[in-house]
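So this first bit is one chain, no partners, the form predicted alone, shown in structure tokens.
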């Protein structure tokens, strides 16, 4: 996917045409620091984004803004990931971050710790968090740009849709967006030259807000839309650049007509060394905290235990020898090459049984469970082995389907996956099974 669009919009704003301001926006990161190496055409990542922003420098005044949901889950790894993401935004000179529901899920205590010393301003016009957490959230942010002796003021407001947040969050109040925005819009419309709303909400809800508040020249929307969309609503442009930072929006509001560009972060952009160093530090933190040993594990189904491929191969020799020729057998080594072998989110699909009590723990403790082994598809095999030793027929063991494969080969990590074609690469040879 290449440059998606250069859209010229008729935004007749009475502002100095010589003041070059570029608002850069991204949103709903969901912990996507870098693209997965499993895909053939990886998109996004903070390293490519940094390169894009570097190309937009020079005479332009850059105002990068973030739309919400820096991480996707509530885990220690995601806390580290959020710290890394905030640091990357700091290095890319982002000015503010609009709060999303996943930011709230990780907890106001964590948010307070991470943003305490960050120059990044937290924005929300309708989320009220108890002051006891020491977390400063601004209802609006005004940025003043001076160019050639002329000052231009841009007002940013931000909302979170109440429908996205559960009611059980202590010390947090969500005001209906239209109720929260009206007094702020009335307060700011004569104080600023340009009003922009960051709307962490479904796209249709953002469109509805553009009808209620025509004072906004731009509404940047973001929630669960994985591709860019641009709509014109009266005098307002409503745009989303998609999820996970794969596409970045650039908006130059002072052009007549105004300019909006949406870029796809593909292989045209090199990965900046500054962000690659930050990503290395992130991986080192995962290793230092030994997060692999702290993943939540459950007992395998049916009281079975993982035995390892060597045990499977004693009877299923032909299948075992064929497996050794497949990519599944070397899945662990692919992570070692990129130094991601201590990353629980990555390694779960490159080893066998990570989330079970008898599954993979570490290369030192469970070397026989590295790679995507027999039991990754067929399930823990200890009971099957015992039945074979006793000469009993294993009824129903090891049945797998396309759904089993799609646990790892999902749309994010294997968008070109199709069961029939991929199955031909790993199909087991016919053999006489012993026992």
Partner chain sequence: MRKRTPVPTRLIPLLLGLAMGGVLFGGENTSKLPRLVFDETQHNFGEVYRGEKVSHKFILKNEGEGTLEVQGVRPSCGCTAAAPSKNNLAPGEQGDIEVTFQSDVFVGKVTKTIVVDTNDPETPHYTLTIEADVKEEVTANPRRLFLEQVRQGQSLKTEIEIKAVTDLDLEVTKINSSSPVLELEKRQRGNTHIIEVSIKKDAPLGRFGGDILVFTNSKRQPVLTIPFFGEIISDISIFPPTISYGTISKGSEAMRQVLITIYQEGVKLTRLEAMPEFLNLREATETGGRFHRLEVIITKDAPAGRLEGSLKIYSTSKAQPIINVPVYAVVK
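Positions refer to the first chain, counted from 1. Since we're looking at a predicted model, the values are computed, not measured.
Below, we turn to the form predicted together with the partner chain, even though it does not appear here.
Asks: Using the partner position in the model of the complex, report whether residue 362 sits within 4.5 Å of the partner chain, counting heavy atoms only.
Replies: Because no heavy atom of residue 362 falls inside 4.5 Å of the partner chain in the model of the complex, the answer is no.
Asks: Would residue 173 show up as a contact with the partner chain in the model of the complex if we use heavy atoms at 4.5 Å?
Replies: No - in the model of the complex, heavy atoms of residue 173 and the partner chain never come within 4.5 Å of each other.
Asks: Just to confirm, residue 346 within 4.5 Å of the partner chain in the model of the complex by heavy atoms?
Replies: Outside the cut-off, so no.
Asks: May I ask you to check whether residue 105 falls inside a 4.5 Å heavy atom distance of the partner chain in the model of the complex?
Replies: Output for residue 105 is yes: heavy atoms within 4.5 Å of the partner chain.
Asks: Would you mind picking out the stretch of 174-182, 268-276, 187-195, 209-217 that comes within 4.5 angstroms of the partner chain in the model of the complex, counting non-hydrogen atoms?
Replies: That would be 268-276.
Asks: Should the three residues 166, 202 and 260 be counted as contacting the partner chain in the model of the complex, with contact defined as a heavy atom within 4.5 Å for each?
Replies: Answer is yes for this spot.
Asks: Sort through 92, 95, 230, 354 and report the residue having a heavy atom within 4.5 Å of the partner chain in the model of the complex.
Replies: Checked against the cut-off, the match is 230.
Asks: Between 323, 133, 342, 332, only one gets a heavy atom within 4.5 angstroms of the partner chain in the model of the complex; which residue is that?
Replies: Going through each option in turn, the one that passes is 133.
Asks: Determine the residues of 288-315 with a heavy atom within 4.5 Å of the partner chain in the model of the complex and present them in sequence order; the list may be empty.
Replies: 288, 289, 296, 297, 298, 299, in sequence order.
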